[in-house]
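Take a look at this single chain, the form predicted alone, given in structure tokens.
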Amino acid sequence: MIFADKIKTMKTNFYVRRGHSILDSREAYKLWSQFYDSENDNLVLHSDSIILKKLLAMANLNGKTILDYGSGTGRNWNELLGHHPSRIIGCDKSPEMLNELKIKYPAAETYLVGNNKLDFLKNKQCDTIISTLVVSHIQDIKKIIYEWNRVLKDSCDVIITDLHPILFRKGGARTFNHIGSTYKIENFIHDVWRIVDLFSFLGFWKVNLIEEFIDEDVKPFYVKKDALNVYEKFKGLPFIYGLHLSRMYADKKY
């Protein structure tokens, strides 16, 4: 690739906002997919796994059809398979992340998505949608919620986890390190109450909301990364949340 082509690629892949270079999510996960599953000291991934287990304990997945929206490398599939669903469908906008999933689960049913449409699914085909650490990558959250609603059965569950919008509003960012550089990923802020309201209009109830905070319990992660300055800056703020919404029983209010 000649130098001029390199400059063109950089302009395509990066946005400049408030003085920071931000990698769009498509290009970010192209890089991150190479080592995403090996980040054992990543606080967000660690906390996300714990929250997901708690939320799944309230949802019956046995014999159900699950859509893992933004499935990535299939990081959660071992946990999901332990609940004995009849079918798991993975979809993601990153072919590189899906390739990693297929290495771990060669028979996996996966689809590449590039917009707000789930054209590979018929109406009312899924019992549960699970989407972890994805919502803030979606610009038009209302459109995707309505598309999720299209493919969900009347009795259904939705489980969402993501970085907390309060953290974003206070200057937090989704980052990863690659070959000595730290990359920030473009994100869109969607308040939890707004998400709940959109689902409520479609007949869902909020079953559970879990919020984890930057406190002494997570301080060792910052110590290990020599990032106590970051810890002190965001101490006391929620950094991740998990949300379980259900339309499992139309006549029951949770």
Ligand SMILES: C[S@@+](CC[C@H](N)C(=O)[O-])C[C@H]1O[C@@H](n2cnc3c(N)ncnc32)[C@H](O)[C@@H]1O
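Since we're looking at a predicted model, the values are computed, not measured. Residue positions are given as counts along the sequence shown, with the first one as 1.
Same protein, other form: the form predicted together with this ligand, not shown, and the subject of what follows.
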Where does this ligand sit in the model of the complex: which of 149-157, 165-173, 78-86, 129-137, heavy atoms within 4.5 Å?
129-137
Partner proximity in the model of the complex: G72 to this ligand, non-hydrogen atom cutoff 4.5 Å:
yes
Should S246 be counted as a contact of this ligand in the model of the complex, where contact means heavy atoms within 4.5 Å?
no
Quick one: does F199 come within 4.5 Å of this ligand in the model of the complex, counting heavy atoms only?
no
I'd like to know whether N177 contacts this ligand in the model of the complex, with contact meaning heavy atoms within 4.5 angstroms.
no
Just give me the residues of 90-114, first to last, that have a heavy atom within 4.5 Å of this ligand in the model of the complex.
D92, K93, S94, M97, V113
